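The chain below stands alone and is given as structure tokens, in the form predicted on its own.
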């Protein structure tokens, strides 16, 4: 199966926006297995909106949890027992873009971390990292966690303002391809994201 896992160094860093841009650019199929928190626009709904008219496909989540916290705790609070069989990758003819919840060591169940699930999926991962204080350590720790589990890393994408010192340090110490930087987009819409993605992201550099 062809595709990518989109993960990040934290939550709320632009991972979903990048996933939408990637899905649209590849005319792929997007899937977020577990959504925690339903009061605001969900990540799947955001991607569907940002991919409108591109030919990309958006699949429904395996689990929609009401409580906005880590999947294992949200499931416990909501009274749901997650079945790992439902977290297996769906069949897709187009490149499958799978978005993880939060960072790579977020628990999905009491016995399953995100990175362990990624290892089972056997797809290369793209790490989304925001250009803010602490990003060097957070990104390198994410790289180490994925490498320790044998997850191939296709590259790192930055979000936010240009931070050349941090970006150079991450490239130097991680040895991972740097795929570019997606700036903050105002307004955030399908046309603007498509243009920003084409200008700033180097998919040809993916390992």
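Positions refer to the first chain, counted from 1. Because the structure is predicted, anything quoted here is derived from the model rather than measured.
There is another form of the same protein, the form predicted together with a small molecule; it is not shown, and what comes next is about it.
Only one of the listed residues (65, 182, 176, 145) places a non-hydrogen atom within 4.5 angstroms of the small molecule in the predicted complex, and that residue is 182.
At least one heavy atom of residue 188 is located within 4.5 Å of the small molecule in the predicted complex. Proximity of residue 11 to the small molecule in the predicted complex: non-hydrogen atoms within 4.5 Å are present. The closest non-hydrogen atom of residue 25 lies beyond 4.5 Å of the small molecule in the predicted complex.
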